[in-house]
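Presented as structure tokens, the chain that follows is alone, the form predicted on its own.
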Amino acid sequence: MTVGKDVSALFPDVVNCMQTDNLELKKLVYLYLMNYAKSQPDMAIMAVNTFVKDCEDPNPLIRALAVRTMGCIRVDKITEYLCEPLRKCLKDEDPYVRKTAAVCVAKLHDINAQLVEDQGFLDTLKDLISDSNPMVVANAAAALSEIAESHPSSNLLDLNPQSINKLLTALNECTEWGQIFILDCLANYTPKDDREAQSICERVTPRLSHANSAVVLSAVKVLMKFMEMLSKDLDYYGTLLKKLAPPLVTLLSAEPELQYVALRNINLIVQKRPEILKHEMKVFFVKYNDPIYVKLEKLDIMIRLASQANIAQVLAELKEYATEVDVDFVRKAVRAIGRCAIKVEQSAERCVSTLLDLIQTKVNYVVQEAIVVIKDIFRKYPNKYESVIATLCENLDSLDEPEARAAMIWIVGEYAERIDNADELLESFLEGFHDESTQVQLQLLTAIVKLFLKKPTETQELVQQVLSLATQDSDNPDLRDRGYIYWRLLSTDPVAAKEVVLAEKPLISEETDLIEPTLLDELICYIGTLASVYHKPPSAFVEGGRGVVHKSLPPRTASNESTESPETAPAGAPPGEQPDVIPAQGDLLGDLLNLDLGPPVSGPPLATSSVQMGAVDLLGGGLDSLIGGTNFVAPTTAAAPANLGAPIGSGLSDLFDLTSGVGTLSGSYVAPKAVWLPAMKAKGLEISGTFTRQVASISMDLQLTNKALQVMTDFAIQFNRNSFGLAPAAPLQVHAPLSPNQTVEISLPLSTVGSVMKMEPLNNLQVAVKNNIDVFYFRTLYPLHILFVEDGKMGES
């Protein structure tokens, strides 16, 4: 059995061995039953009598073993026989049996939730929270938490100050796993005031010195959550900050894999409360023997902790890293120098000087990264460091990476008036225009238009050449559209063109890679779990209903609001004080589509056929044909319609669900199937397909046709990394061999949790399909609307 051989045929013989008094043999028999009961449910019932008998054995180990095994046998016919033995074991005199039975309730609830509720096991579990044995308390808390997670609306884990006190008492005497269960349970509790929060923090703090890193991170999670409720004026708040630093630093002395997990969690903590580790910069300095994944994470945290006080130390360290042999690490180190310049203004001059020293090394990839970050420094500090442009221009010929070439072209175009031979430099890039990446082509087009607006007489031929290349010889719609916009701007109103193209640029922000505040608050509640390593909420990578409850930090107390920084508005603040994450509807739609979203003009509604818009002919039937309505009339009020059964989608307002409480469309548009892989390119296999989205699930609908003379079998499919992480959610199921001239229709479910890599264009998908003949490759473009969630709502105001 343990080496993969099927020994289910021996089931009756093994069941006969259950009567033995030998504990070791009994364990093996129970292990066998757990493995094979599901495949032989009728025969598994033969074992029930022995289970019931063993649940009353004088030996507590056998009683616990019996109830544990019965909980692991996921066969409906057996569960009804489990109830009576389980009830006895939940009230057993031996704590080992009680703690095993507590976990068994959670397993039984997963098989048959209704049975558990009817039998009153949940109330018994709640009573076990008050048990005298700490391990029973821990297991009861773990079982209730698990059941509550799978049924968020049940309010099972109704924690109150009395039950919290019992959990905290048990905390000191549990095993390390028990402590983790209890701490996770505490993290789900919201104290009624700051005094209770402080009391809990004081009793949890000793766990920070535990030898097990999981216990430490669970304790950190509880403290980080309850600190939200403490006023920063309290002496205890400062003491707590000091106590949090040493255990986090200690985690970095473990093996590399644990270090990485600790660093990912520290990254979140530093973004939320940088003051905890502001004096611990040295522990994040990279060691020569650190694996690359640890080095890169340490580098990220160093930049987050960089301040005026420690910037000299950080820069000296980063300059050292830039001479390492590991190319990825060197690139990140050079970028880090640029990020320090943008974050700490006083250090910008030293950073630029350091970058120039690195450029003098003439190491190709160092030079290219330095040019990319210097472009950002120019954006942050205009008219300050432009004296270095001459040095950058000397390295023009060595640039071979698209990002570095694009950065250099931007610098030449932006400061063309300071560079005497700017036209020659840009012309040299123009010679291989069609061989350049889209990023470089777009930048080159804009740079030459800027140059023309600054030096019109000298560069007329150059601008005509680039506009011709962009609009007539290019297949890229982005490039073509930008070319046409510039061409029309220049030909109709050069003054307006100058105001648009040479407009003053907004300064770039200090930290562009910070996690969005609401997501950060949610991730803080998941410290010590996979979510804190991925930096994604569980809903992004957990399938099914488990573990996707959205958590958030408790609201701040009134005494704490006044001390909060202006960037983070308190939870209780009125809506007007909250920063706008999404621009107002008018900003998004009014400017983009130039549509009147105000009250409708009196008179008969306009028929779609009479609407005169540039986009209408392209869409074949007007904008409303996309939305599903017949007339385009803006809503008069935001009241919900009286008849919710009416068809959804009468005008743009319903597209964004401005008037109704119903957030789902009756069905999204499905494009007709197109041939993605012709038979002549795939040895007789023809693949047609389209993409659909129905009730929050994305599918790739495929039609496989065998135009060869042989049978096709063993189909499999794989996607390359793509912009939105699309990946097959299940294998490609072709249940029968595909005979010659036979066609089969398959709907392949897709998920969005695959590997992400930006593609050109953004919705490009590269697919590999394998069968018994060969592996075939093709690419297709998926419509972006399949990624849009149905319940996305936009407020009318």
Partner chain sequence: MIHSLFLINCSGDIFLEKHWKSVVSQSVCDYFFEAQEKAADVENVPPVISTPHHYLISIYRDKLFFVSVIQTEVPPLFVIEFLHRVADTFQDYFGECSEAAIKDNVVIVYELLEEMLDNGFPLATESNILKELIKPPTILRSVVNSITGSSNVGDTLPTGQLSNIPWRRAGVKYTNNEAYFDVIEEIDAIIDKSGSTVFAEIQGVIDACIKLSGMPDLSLSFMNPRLLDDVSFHPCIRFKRWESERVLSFIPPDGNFRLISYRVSSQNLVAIPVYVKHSISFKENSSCGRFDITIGPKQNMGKTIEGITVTVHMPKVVLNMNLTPTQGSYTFDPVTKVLTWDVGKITPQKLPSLKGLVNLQSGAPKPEENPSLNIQFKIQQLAISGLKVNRLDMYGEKYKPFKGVKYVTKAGKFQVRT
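Bear in mind the structure is a predicted one, so any value in this text is a computation, not a measurement. Numbering follows the first chain given and starts at 1. In this text, the rigid core denotes the largest set of C-alpha atoms whose superposition between the two forms falls within 1.5 Å.
There is another form of the same protein, the form predicted in complex with its partner chain; it is not shown, and what comes next is about it.
Asks: Note which of E522, E146, D423, E403 lies within 4.5 Å of its partner chain in the model of the complex, where distance is taken over heavy atoms; exactly one does.
Replies: So the residue touching its partner chain in the model of the complex, by this definition, is E146.
Asks: So its partner chain isn't shown here. In the model of the complex, which residue out of N720, Q198, T529, T705 has a non-hydrogen atom within 4.5 Å of it?
Replies: Looking at N720, Q198, T529, T705 one by one, just T529 meets the 4.5 Å heavy-atom criterion.
Asks: In the model of the complex, which of the stretches 479-487, 340-348, 355-363, 378-386 has residues with heavy atoms within 4.5 Å of its partner chain?
Replies: Heavy-atom contact with the partner occurs in 355-363.
Asks: Can you work out whether E24 and its partner chain are in contact in the model of the complex, taking contact to mean some heavy atom pair no more than 4.5 Å apart?
Replies: Contact check for E24: yes, within 4.5 Å of its partner chain in the model of the complex.
Asks: I'd like to know whether P728 contacts its partner chain in the model of the complex, with contact meaning heavy atoms within 4.5 angstroms.
Replies: No, P728 is distant from the partner.
Asks: Taking heavy atoms only, is Y534 within 4.5 angstroms of its partner chain in the model of the complex?
Replies: Flag for Y534 set to yes.
Asks: Contact with its partner chain in the model of the complex for V325, defined as at least one heavy atom pair within 4.5 Å: yes or no?
Replies: Although its partner chain is absent here, V325 would touch it in the model of the complex, with heavy atoms inside 4.5 Å.
Asks: Is it the case in the model of the complex that N267, P672 and P749 each bring at least one heavy atom within 4.5 Å of its partner chain?
Replies: The answer is no; none of N267, P672 and P749 reaches its partner chain.
Asks: What residues, if any, in 194-212 have a non-hydrogen atom within 4.5 angstroms of its partner chain in the model of the complex?
Replies: P206, S209, H210, A211, N212, in sequence order.
Asks: Return yes or no for A245: a CA shift of at least 2 Å between this form and the one not shown, with the rigid core superposed?
Replies: The answer is no, as the C-alpha of A245 shifts between this form and the one not shown by less than 2 Å after core alignment.
Asks: Could you check, with the core superposed, whether the Cα atom of M135 shifts 2 Å or more between this form and the one not shown?
Replies: Not so; M135 is displaced by less than 2 Å.
Asks: R273: after superposing the rigid core, is there a C-alpha shift of 2 Å or more between this form and the one not shown?
Replies: No.
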